[in-house]
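Have a look below at one chain only, the form predicted on its own, in structure tokens format.
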């Protein structure tokens, strides 16, 4: 996903000299590619994420389009006040890209996990929130953020995520149906899609038809799409690499309550705790019940099979 991000950013920088890349000691080899091509439009602030966001606000006020990029946990939590007051309160054209959504920083533990960022940031006015699941969706989200005049937060994975979309583009605006079935409906967001997709394939092989909906735009959320499913299914299952409180499950539960939709929400995610375990992403997901096998068992239980 990092390569998809920087590739699209370089394309935008070639088209528009206002595009600037800001780092906080988070650069990779991909960022050095940007530096070679645009040496006057990349700035490394060191481990000073708050200052980086504040500087981005100033750049945006001067007509630039800054893309702020570092570990998602340090943006969503450490820099939250600056995102709120300097960027969103002023409704400035700053793009905030959190690298390592969910459990992506698997070997570094809860201090680096980004498992509460949706809950923390979605209550802030003026902030669009995007959660791509695949590399092509990352590129589409960067383009969408560039075209949107205002603050945007993009949360991206970093573990060679599987691509599920053919062609040059991938759907990011509307929720996207990857499986269609009538036995159950599952909503998913972010790179955990690869685990859920495997579950749906297994369920299909057993004659259980599930509708799998991949949600990329979390804010603003397409309420009409969800309410149609709420009218067609008794239960909606959500899967996210995030705390079950305040994330995708919380969004759908709020919509259901506010619209008096009589549907049950069954959340699958981090159950109001800090994640357990250290190691590779597969191992940490398994330790937290978010590997394909664990999700599969939880889905079967939710639909009574």
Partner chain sequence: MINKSDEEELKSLRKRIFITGYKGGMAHLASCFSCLEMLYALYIKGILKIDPTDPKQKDRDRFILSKGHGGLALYAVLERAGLIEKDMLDSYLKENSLIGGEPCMRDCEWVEATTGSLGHGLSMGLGIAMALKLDKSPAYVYVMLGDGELEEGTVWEAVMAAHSFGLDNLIAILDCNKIQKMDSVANTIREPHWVEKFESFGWAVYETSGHDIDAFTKCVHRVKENASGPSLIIADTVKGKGVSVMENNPNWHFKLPGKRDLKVFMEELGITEEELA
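Positions refer to the first chain, counted from 1. The structure displayed is predicted, hence computed values, not measured ones.
What comes next is about the form predicted together with the partner chain, which is not displayed.
S.K.: Wondering, does residue 20 line up within 4.5 Å of the partner chain in the predicted bound form on heavy atoms?
M.R.: Yes, residue 20 lies within 4.5 Å of the partner chain in the predicted bound form.
S.K.: Considering non-hydrogen atoms and a 4.5 Å limit, does the partner chain approach residue 89 in the predicted bound form?
M.R.: Close contact exists here: in the predicted bound form, residue 89 approaches the partner chain to within 4.5 Å, heavy atoms only.
S.K.: Taking heavy atoms only, is residue 244 within 4.5 angstroms of the partner chain in the predicted bound form?
M.R.: Outside the cut-off, so no.
S.K.: Contact with the partner chain in the predicted bound form for residue 50, defined as at least one heavy atom pair within 4.5 Å: yes or no?
M.R.: Answer yes; at least one heavy atom of residue 50 falls within 4.5 Å of the partner chain in the predicted bound form.
S.K.: Taking the partner chain in the predicted bound form as the reference, which of 43, 30, 278, 274 has a non-hydrogen atom within 4.5 Å?
M.R.: After the contact test, the surviving option is 43.
S.K.: Consider the chain as shown here, without its partner, and state which of 266, 261, 253, 55 has a heavy atom within 4.5 Å of the partner chain in the predicted bound form.
M.R.: Going through each option in turn, the one that passes is 55.
S.K.: Would the partner chain in the predicted bound form be within 4.5 angstroms of a non-hydrogen atom of every residue among 176, 183 and 208?
M.R.: No, none of 176, 183 and 208 comes within 4.5 Å of the partner chain in the predicted bound form.
S.K.: Work out which of the listed stretches, 103-111, 80-88, 212-220, 136-144, brings a heavy atom within 4.5 angstroms of the partner chain in the predicted bound form.
M.R.: Partner-contacting stretch among the options: 80-88.
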